Each structure stands twice: as C-alpha cells, then as structure tokens.
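Shown here is one chain on its own, the form predicted alone, set out as structure tokens.
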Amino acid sequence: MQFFLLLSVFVVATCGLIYELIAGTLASYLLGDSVTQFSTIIGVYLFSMGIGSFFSKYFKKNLLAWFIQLEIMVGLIGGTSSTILFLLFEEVESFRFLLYMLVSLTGILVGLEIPLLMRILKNKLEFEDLVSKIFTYDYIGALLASLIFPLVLVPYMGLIKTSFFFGILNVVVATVLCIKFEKEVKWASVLKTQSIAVIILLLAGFVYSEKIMAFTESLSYPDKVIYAKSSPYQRIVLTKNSKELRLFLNGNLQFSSFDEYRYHEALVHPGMQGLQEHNDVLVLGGGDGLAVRELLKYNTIKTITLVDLDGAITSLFKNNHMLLDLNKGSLLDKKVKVINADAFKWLKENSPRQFDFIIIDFPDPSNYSIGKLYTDTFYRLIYRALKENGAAVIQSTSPFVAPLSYWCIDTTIQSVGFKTLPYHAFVPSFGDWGYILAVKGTQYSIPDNFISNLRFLNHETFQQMLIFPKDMEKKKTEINKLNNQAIVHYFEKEWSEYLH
C-alpha cells in the first residue's frame, strides 16, 4: 500500500504543477505579459492549495475513497481546463474570472490530496519517515514537471493534448488504487465506474486534440486557418482569405500579405539609402525573410546575417511555397546566413564582429522577456556591433496608440550615444507605425531619392514620414533599463486602454 500511495504523491505533484504551467502559458498566449500571468496564477494556485489543505481536516471517514474521488475530479478538471479556456476565450465577458476560477478549483483539490494521504499513511510509517517520503516524492514530481513541460510537452504535444494526457494519468492512478484496494474502499464500484467514464472522455479529447485546437482557433480568427503549430517559444498560426495571408504569433498579428510591403519598405530603405556603405548587414528578428527580401534589392550587399530565436519560423518561411512566393525565397539566398539564437546572447558572444547596418524587427515589448531587447543594455550591444559610421533601425510600435512606449525607445537609444531619426508610416493592417533610425558617427544623410523598384516609399512619402503631428509629438519618458523595464508598463497601459 505504501508504494502505491507514495507513487500517487509523485503523480499528484507532477500533474498539479503541469496544470499550473498550462494555465500560465495559456494566459500568456491569450492575455500577454507572461510575467504577470505566471505570477498571478502561481499565487492563486498556491493560495488555493492552502485553502484545500485547511478544509482537509473536515474529512473524517473513508479517507482513501475520498482521495480516489479527488484524483478523478482533478483529472477531469485539469484535463479539460485548457480546452474550456480556449473554447470560451472569445465567448465569455470575463475570461480572467473563468481562468482564475479553474486555477483555484484545481488548486483546492490538489491541496486536499496531500494532507489526506498523510493521514492515510500515518499508522504505517513513523512521522519523520512519513514527512520525509511524502515531500521527497512531491518535490521530485514538481522537478520532473518543470523540466519536461518546456522541453517536451509544449513543443511536441501542445497545451490541449498535454492537459488531456495528464488528466488521464491522474484518473488512471485513481483506477489502479480503486482496484488494488477494492476491499478497503467504500463506494469502490461507483468510483470505478466514474474513473472509467472520465478516462474515456479524456482519451477522446486526447485523440481529437488537434481537431479541438483547430476548432478553437477557427473561433479566434476570422479567416481560414491553413497552418498552426506550437514551437518551444510561441503558437504560430497562418490564416488565408481570398486576398491575403496573415501570420499570428501567440494570437498577435505580425503581418498581412496585403500591405506588409509598406511596413518592410519603411523599415529597410531609409537606413540603407542614407548610408555610404552597406556591405555587411545584420537582421535581428525578421524570421519571415521579408526584411531580407528588401535588402536583396541592393547588389552591393556582400553578407546578410539573420538571427531569429525560433527555428520553426525560419524553417516555415524557407519551405512553404506560399511564403516563398511572398519573401521571394530570400532566406535561401547564398548571401544570407540564418542563425537560430537569442539575439541578446548572440550579440554578447559575437562582440568582435561589426556590421554596416542592423535591422531590429522584434515583436512589440508586451512582456519582460521581449522588453529586455528594448533596454539600454541591449542598445549598447548594438552600438558595439556597428562599424564606426553604421546605423541601425528599430521597429518601435505605434506612436499614435502608444506614444510613451515609442518615445521611450527613442530616449533609451539616445542614452547610449546614438543620434536618432524618428519616423512613422501608415500600414493599414496596423495603423500608424513607428520606426527609429539610430546613427553612429556622421556619415548618414537623409536620402534624396530611393531605388525605383519600391511600391510605397519615395522621396515625398519619406519627407511626410519625418513629420509628427501634435497628437504624436515627443514625450518625456524614463530610460528603459533591465532592472525597471519601464517600456513594458507603458506598453501594457497604452495598448490596453486602446483595445478596451
């Protein structure tokens, strides 16, 4: 009996932490700001476990039967929670209430289990041995969950399939205990029937998890989903209608094929045209190859190095025929070297190498992990990686929707010694979008003319892009530092006000 019950502790700990991690990851996908989501979910979950532990004292009889019943309930709720949350994200008025309710319920049930197990085993082990073994199995289970979740479960199974799998594991343990100790368990036949029914339900969900995910995503996106995959870093979704392809990362629009040329011409060509030399170019982010496509319009470029964190993105844009048509096969060009690495770490490790021009095309600073790529520390690395008369351009969110965020980037870039040239362009899919050119040295000059094979940008349009009307004029902000991440606070406040 000891072995089976201690094994149950291990399963309870592993499954419980997996459910918590699933909730945190799902919330960061759907709501943004991963630090806030994980912090609040961990807090709510642990508090709920405390509530469960407190109420465990009111369970006086039939402890093993109650433990088995709790295992079945945890498996059912935890196993279906991600599906429920995905399905109802677009449908319910208060998604956060539903999220925290499910996290709380799971936490309370898990919090009930360990105290009940300790009371079941108290007459079979010495107190010191009981506490030692219970918490050893508990912490080993937690360690296993924390390791396999980011390395195996998210990239290879996805959130929905993972939650169904661990729900099944919970209920299988309950079934085994029910069969093993049938004579000692009250309501054994009822519990066995429950567990078998729940296993069948969860197994059906596991088998059809991809179809469930496809259906939930069809509710979230107005157009047909033609590709969906979870990488170790994000959820990648491509949608298509009669006139455009759209790429979404974690639910956030990255580009529309209808007007992306406006964004990428504005990103690349003002910097390139104003430099006297641009032999060696570095692109940070931009794994879709669309900025590289624009760079390849210059025969003078000798090398293009692209550093993007997610190999799933660069692989997709190297191999999908529709995307190859869009980026003109740019990532397959012999001048282009693609490196899948963290840009921050890569710049530190490759500090001796310098470039004429650097394009920084990261997602908006919606959380702290991305916000570090907008700090003065990161821009010092950029300064060091540029040749003496080089320049860098940074996509800098919308100066209309998020003026504090935009001008915070400008202030931060200036703080490390760059001269800056802020400008903005209208991209219909996004609205008014901002860029900042960071100039090192004195050789950059505002271009009088642009290469002829552009669809949007010319001398006249660029002159207009340099003008900021009154509702987008420069604002005083903090410098974005690693230890304060001021831009994340600006960004979250400004965009939440705009979207609501």
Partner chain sequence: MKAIGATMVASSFSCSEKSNDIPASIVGASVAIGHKLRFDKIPEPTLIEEIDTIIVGGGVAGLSAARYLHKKGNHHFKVLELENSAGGNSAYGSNNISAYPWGAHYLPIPNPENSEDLFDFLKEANIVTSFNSKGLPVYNDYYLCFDPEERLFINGYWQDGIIPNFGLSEKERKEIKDFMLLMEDFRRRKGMDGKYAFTIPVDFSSQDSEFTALDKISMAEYLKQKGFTSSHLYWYADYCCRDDYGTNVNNTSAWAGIHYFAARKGEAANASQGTVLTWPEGNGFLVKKLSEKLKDKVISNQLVYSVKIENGKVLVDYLDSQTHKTHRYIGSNCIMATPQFIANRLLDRSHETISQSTFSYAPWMVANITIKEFKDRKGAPLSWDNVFYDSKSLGYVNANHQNENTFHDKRVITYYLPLTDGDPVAERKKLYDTDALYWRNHIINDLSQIHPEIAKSIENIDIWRWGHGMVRPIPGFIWSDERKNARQSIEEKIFFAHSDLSGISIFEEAFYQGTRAAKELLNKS
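Definition used throughout: the rigid core is the maximal C-alpha set that superposes within 1.5 Å between two forms. All values reported here derive from a predicted model rather than from experimental measurement. Numbering follows the first chain given and starts at 1.
What comes next is about the form predicted together with its partner chain, which does not appear here.
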{"query": "Exercise: G158 in contact with its partner chain in the predicted bound form, heavy atom 4.5 Å", "finding": "no"}
{"query": "Touches its partner chain in the predicted bound form: M322 (any heavy atom, 4.5 Å)", "finding": "no"}
{"query": "In the predicted bound form, R380 touching its partner chain (heavy atom, 4.5 Å)", "finding": "yes"}
{"query": "Contact of G251 with its partner chain in the predicted bound form (heavy atom, 4.5 Å)", "finding": "no"}
{"query": "Single option in D223, D280, D342, D259 placed near its partner chain in the predicted bound form, where near means a heavy atom within 4.5 Å", "finding": "D342"}
{"query": "P232, P115, G311, G329 - the one with a heavy atom within 4.5 Å of its partner chain in the predicted bound form", "finding": "P232"}
{"query": "Stretch in contact, per heavy atom within 4.5 angstroms of its partner chain in the predicted bound form, of 159 to 167, 195 to 203, 265 to 273, 101 to 109", "finding": "195 to 203"}
{"query": "In the predicted bound form: members of 464 to 496 within 4.5 Å of its partner chain, any heavy atom", "finding": "K481, L482, N483, N484, Q485, H489"}
{"query": "L203 C-alpha shift between this form and the one not shown of 2 Å or more, rigid core reference", "finding": "yes"}
